[in-house]
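First, one chain by itself: the form predicted on its own, in structure tokens.
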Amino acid sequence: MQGWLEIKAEVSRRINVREWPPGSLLPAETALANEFGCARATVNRALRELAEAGLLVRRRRAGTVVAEHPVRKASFDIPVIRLEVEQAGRRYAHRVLHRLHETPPASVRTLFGLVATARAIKLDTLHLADDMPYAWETRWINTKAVPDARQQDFEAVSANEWLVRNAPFSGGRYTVGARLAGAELSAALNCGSGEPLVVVERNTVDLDGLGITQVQLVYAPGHLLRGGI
């Protein structure tokens, strides 16, 4: 007989390995109780905890489904840049400028739990709004945590949106700062050298604490960060 913590861990594992992908309907609580050899109330507690963490969506009389955009509600949400642009009434596009498979710097290797010779995907992406530069993204993706990323070129769907859809995370770190535009960013973001730019850095870890991605977003001049409570 398993307790609710063990059931929570097993359900999390099945979500993480895509046995139950985003949008899929979980078995009924009675079926899960039979499988795990416990009371239905024990299953209910485990699923309630995962719903509160943002990994599941529970609908009365409709069952429990895996969240389409799993996040920990007590931590932070990851905005999809396409939606951010479209909600402002602008036309979104993106360009993958570089897609490499190489050894990341030591700080990223530590986050990803990689040995010194291991490699990861590095992407440079320019996000556009009405064909004008919106944000420059530099991203590392840990294929150990997200093996399906190896088959993605991220041309049709940006890495930002693909990871939100396909890589559930349990936590991470989010920082906001500023920097002055140098030559590369001036050219990429169509701004003058020395202009102040908003910089967002973020990393996420999966349900087992393994680093998923590390990203830096540098926004074009005039960008405002908005949030709510």
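Superpose the two forms; the largest set of C-alphas matching within 1.5 Å is the rigid core. Start at 1 and count along the sequence shown; that's the residue number. Because the structure is predicted, anything quoted here is derived from the model rather than measured.
This protein has a second form, the form predicted in complex with the DNA, left out of what is shown; the following refers to that one.
Using a 4.5 Å heavy atom cut-off, state whether residue 62 contacts the DNA in the model of the complex.
Contact check for residue 62: yes, within 4.5 Å of the DNA in the model of the complex.
Give a yes or no for residue 39: in the model of the complex, does one of its heavy atoms lie within 4.5 Å of a heavy atom belonging to the DNA?
It does: once the DNA is placed as it appears in the model of the complex, residue 39 has a heavy atom within 4.5 Å of it.
Does the 4.5 Å heavy atom contact test between residue 196 and the DNA in the model of the complex come out positive?
Contact with the DNA, no.
With the cut-off set at 4.5 Å between non-hydrogen atoms, does residue 179 touch the DNA in the model of the complex?
No.
May I ask whether 125, 134 and 223 all come within 4.5 angstroms of the DNA in the model of the complex, judged by heavy atoms?
No, because 125, 134 and 223 lack any heavy atom that approaches the DNA to within 4.5 Å in the model of the complex.
Heavy atoms within 4.5 Å of the DNA in the model of the complex: which of the stretches 23-31, 158-166, 197-205, 171-179 has them?
Of the options, only 23-31 has residues within 4.5 Å of the partner.
Rigid core aligned, does the Cα position of residue 46 differ by 2 Å or more between the shown form and the other one?
Yes, the C-alpha moves 2 Å or more.
Could you check whether the CA atom of residue 196 moves 2 Å or more between the shown form and the other one, using the rigid core for the fit?
The answer is no, as the C-alpha of residue 196 shifts between the shown form and the other one by less than 2 Å after core alignment.
Once you overlay the rigid core, does the Cα of residue 58 travel 2 Å or further between the shown form and the other one?
Yes, its C-alpha moves 2 Å or more.
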